[in-house]
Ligand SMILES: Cc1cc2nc3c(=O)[nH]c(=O)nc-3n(C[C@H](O)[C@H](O)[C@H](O)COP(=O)(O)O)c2cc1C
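Form predicted alone, single chain, as structure tokens, below.
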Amino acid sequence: MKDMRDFIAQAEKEGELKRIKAQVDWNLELSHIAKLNEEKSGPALLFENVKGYKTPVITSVCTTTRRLALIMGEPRGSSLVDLMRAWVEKGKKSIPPKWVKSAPCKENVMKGNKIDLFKFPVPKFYPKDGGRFFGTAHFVISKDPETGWVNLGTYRAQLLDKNHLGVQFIKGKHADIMLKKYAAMKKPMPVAAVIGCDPLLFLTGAARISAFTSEYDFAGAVRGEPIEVVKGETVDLPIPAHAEIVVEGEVDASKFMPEGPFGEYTGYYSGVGTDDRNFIKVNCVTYRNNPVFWGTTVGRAVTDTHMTMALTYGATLWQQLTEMKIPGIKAVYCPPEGSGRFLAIISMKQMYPGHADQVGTAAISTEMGAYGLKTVIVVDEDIDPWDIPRVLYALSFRFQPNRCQIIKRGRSTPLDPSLPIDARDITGRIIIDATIPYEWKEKPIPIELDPEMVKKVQARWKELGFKG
């Protein structure tokens, strides 16, 4: 799979995509259709008749495990944890991108006075949004001016006018770190926003890949071959050769424009009104013939954003814990309903006293867990972390409140609605030990079925009148 068109063809072949031929308004109607479809675990939607436009819009690309498996090239019946395990294993390698001289993303070029971002069917998603949001299922490419490290990161982008996009570079994120370096040099930061591409690049752009590691290298490892890139028209950045739409520009750290609000993945607005934020001054737009615009409804769970974050954040946490060489970790799961960020459940085999505490504190000490992770639940190896009824069983019969740890200060995200809008820098954390303590000499005696009797009963299953 090289691009969005490959995904559309494969998804349609497997019954994972529906074409909407009836006319749909970009103003609220399109997003509402997509959201209601997503709440029913429906297919990806390709809106072919957007009011006032000839360009189609695709939504709901990543909202089911089946489509995530398709994107990653994994078996169709894979579970989310299967995909996380594959993400961790494949991500141990690194395959740098491959430079090409010409590319489909440059079939059309707009510069100077010809730039008009309203040419594209940018949706307005929710009634209280501050406007139309150009970048939701997209990523922004930037480069460290000192090391040359290339980063792909997903930061929302609001359509402000025909050649400006408001962006939210959250403090401490990789693009923000780079922007501060450019500010110290008194130079604007060159960027490129990519809308519509190989969906795997969106997954990696939304992931918490470690600093100084390019998402291109990681995506190449997951894909099993180099990602093809081409140099930008006005920026010295590697652009996905098969991207649908590429917006090239620059961000001046000292300049701001009103942006927001926006309905976030938490199910709430991140603020009460517009805020002055950085913006991309657009200098060039390149796009394919008959481009496909990609958007996601964000909003309350479960959407592309939640499934993407559950996969990539959970896998990244798992990967970073593995790199710490902590023994006994069986599996890590970050539920989509928690946006993959705020809650982590870790299954482990205990090997020594305090082992569960080590795993819990390690989780909030990883680069992934240090940002926004509020609740860590540690369970024994006989509990699958994605089996929520069994996790609740462990919380009911193995957990004691006096064995949990409360950490009062940790790095938060400005999107966390459980904190006051003006006080979202610091969050509390809780580590819940829902294991049977390793050091207990007398442990609870589990009730178990007799293995031989189980075989005997199973042999008579159909005789007893049961199906399957």
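A residue's number is simply how far along the shown sequence it sits, counting from 1. Since we're looking at a predicted model, the values are computed, not measured.
There is another form of the same protein, the form predicted in complex with this ligand; it is not shown, and what comes next is about it.
- Interface residue among Gln168, Thr366, Gln319, Asn163, judged by heavy atoms within 4.5 Å of this ligand in the model of the complex: Gln168.
- Comment: this ligand is not present in this chain, but in the model of the complex one of Glu215, Glu248, Asp198, Glu244 has a heavy atom within 4.5 Å of it, namely Glu215.
- Heavy atoms within 4.5 Å of this ligand in the model of the complex are found in exactly one of 301-309, 183-191, 123-131, 353-361, that being 301-309.
- In the model of the complex, this ligand lies farther than 4.5 Å from every heavy atom of Arg398.
- Though the partner is left out of this view, Tyr287 does not reach within 4.5 Å of this ligand in the model of the complex, counting heavy atoms only.
- A residue is said to contact a partner when one of its heavy atoms sits within 4.5 Å of a partner heavy atom; Ser347 fails this definition for this ligand in the model of the complex, lying far away.
- In the model of the complex, no heavy atom of Trp87 sits within 4.5 Å of this ligand.
- Remark: none of the three candidate residues (Leu17, Ser31 and Val61) comes within 4.5 Å of this ligand in the model of the complex, counting heavy atoms only.
- Taking this ligand as positioned in the model of the complex, the residues of 129-157 that bring a heavy atom within 4.5 Å of it are, in sequence order, Thr136, Asn151, Leu152, Gly153, Thr154, Tyr155, Arg156.
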